[in-house]
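Presented as structure tokens, the chain that follows is alone, the form predicted alone.
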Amino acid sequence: MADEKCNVVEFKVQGQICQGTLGESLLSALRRHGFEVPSLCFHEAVSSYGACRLCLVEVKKGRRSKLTTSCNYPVQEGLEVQLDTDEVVRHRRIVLQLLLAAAPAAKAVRDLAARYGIEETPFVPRPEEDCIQCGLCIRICEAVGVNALGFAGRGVSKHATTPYEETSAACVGCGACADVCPTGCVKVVDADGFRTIERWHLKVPLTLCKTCGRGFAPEVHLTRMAGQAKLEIAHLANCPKCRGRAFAAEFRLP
């Protein structure tokens, strides 16, 4: 308990005193206290590196102040934070214009740009593109321990993909990349007994639930999960919904 108290720090947001944990992401702390800060590339499951640049805030410690991305800036004792200063908004609008050019087909980008009164961009757009190159799909793939994805190309041709633009032998079709994608450009489709992730050139058969018969996960994914959990594959023979029902029935009160 004493150690936890030692790690608690106080900082100010718009003059309001807030508490955080030493070293935690400033963006996480701000959102926990109910402050709204836009972001597209932030996810609690992976480390942050400020790819989208939208979570800009102004921080001041002592006499020095600066603009910084809040997702990868640690909470510190005595920090003073301003959220929507004229300078912050000006930079954020420029970032949104760039993102609108990079991914004009992304609804999340268009909606956020509209909130700041931006409907057009002075930069040359990439037609039909809906990926902002935030790298969340790559980093979650690393966190899962698969490493099936990476960046290829440079400059405007940079994009997330599989090795040689072919089906990656490492991919287990778990769909974590689609779960964290902020623009929805990575899509997982389960149909006709197969899971398809078109962006990664993947099509794998689904394992059928032994209870309801519904296809719910690729066998290679279940085999990997069973190995990590040190379970027999038979323990994962039912879909999550049926497993949940069986668990509830087992512990149902009379």
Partner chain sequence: METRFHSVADLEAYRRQLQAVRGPDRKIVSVCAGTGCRACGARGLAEVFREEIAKSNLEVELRVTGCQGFCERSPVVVVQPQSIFYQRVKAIDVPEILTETVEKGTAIQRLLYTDSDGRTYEREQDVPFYRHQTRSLLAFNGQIDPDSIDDYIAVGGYAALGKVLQERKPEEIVDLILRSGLRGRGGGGFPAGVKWQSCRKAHAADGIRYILCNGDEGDPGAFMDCALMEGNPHLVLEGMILGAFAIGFPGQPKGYIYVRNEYPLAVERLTRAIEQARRCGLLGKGILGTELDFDILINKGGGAFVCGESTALMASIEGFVGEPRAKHIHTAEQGLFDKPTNLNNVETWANVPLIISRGLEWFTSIGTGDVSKDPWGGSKGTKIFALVGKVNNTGLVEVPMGSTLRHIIWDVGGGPPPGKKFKAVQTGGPSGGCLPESLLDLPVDFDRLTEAGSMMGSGGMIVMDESTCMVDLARYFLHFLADESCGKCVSCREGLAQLCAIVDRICKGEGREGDLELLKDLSTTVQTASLCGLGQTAANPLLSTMRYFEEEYISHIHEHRCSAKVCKTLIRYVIDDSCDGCMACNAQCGTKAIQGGKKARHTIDDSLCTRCGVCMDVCKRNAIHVES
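Positions refer to the first chain, counted from 1. A quick note: this is a predicted structure, and the numbers were derived from the prediction, not measured.
One more form of this protein, predicted in complex with its partner chain, exists but is not displayed; see below.
Quiz prompt | Per-stretch contact check against its partner chain in the model of the complex, the hit in 112 to 120, 77 to 85, 96 to 104, 174 to 182 (non-hydrogen atom, 4.5 angstroms) | solution = Of the options given, it is 96 to 104.
Quiz item: Quick one: in the model of the complex, does every one of 197, 216 and 235 get a heavy atom within 4.5 Å of its partner chain?
Solution: Checking in the model of the complex: none of 197, 216 and 235 is within 4.5 Å of its partner chain.
Quiz item: Within a 4.5 Å heavy atom cut-off, is residue 43 in contact with its partner chain in the model of the complex?
Solution: Looking in the model of the complex, residue contacts with its partner chain do not include residue 43, since no heavy atom lies within 4.5 Å.
Exercise. Determine whether any heavy atom of residue 28 comes within 4.5 Å of a heavy atom of its partner chain in the model of the complex, and answer yes or no.
Key: Taking the distances in the model of the complex, the answer for residue 28 is no, it never comes within 4.5 Å of its partner chain.
Quiz item: Could you tell me if residue 51 has a non-hydrogen atom within 4.5 Å of its partner chain in the model of the complex?
Solution: It does: once its partner chain is placed as it appears in the model of the complex, residue 51 has a heavy atom within 4.5 Å of it.
Self-check item: Proximity of residue 56 to its partner chain in the model of the complex, heavy atoms at 4.5 Å
Solution: Within the cut-off, so yes.
Exercise. Would you mind checking 65 to 97 for residues with a heavy atom within 4.5 Å of its partner chain in the model of the complex?
Key: Read in sequence order, the residues that approach its partner chain (within 4.5 Å, in the model of the complex) are 66, 67, 68, 72, 73, 74, 87, 91, 94, 95.
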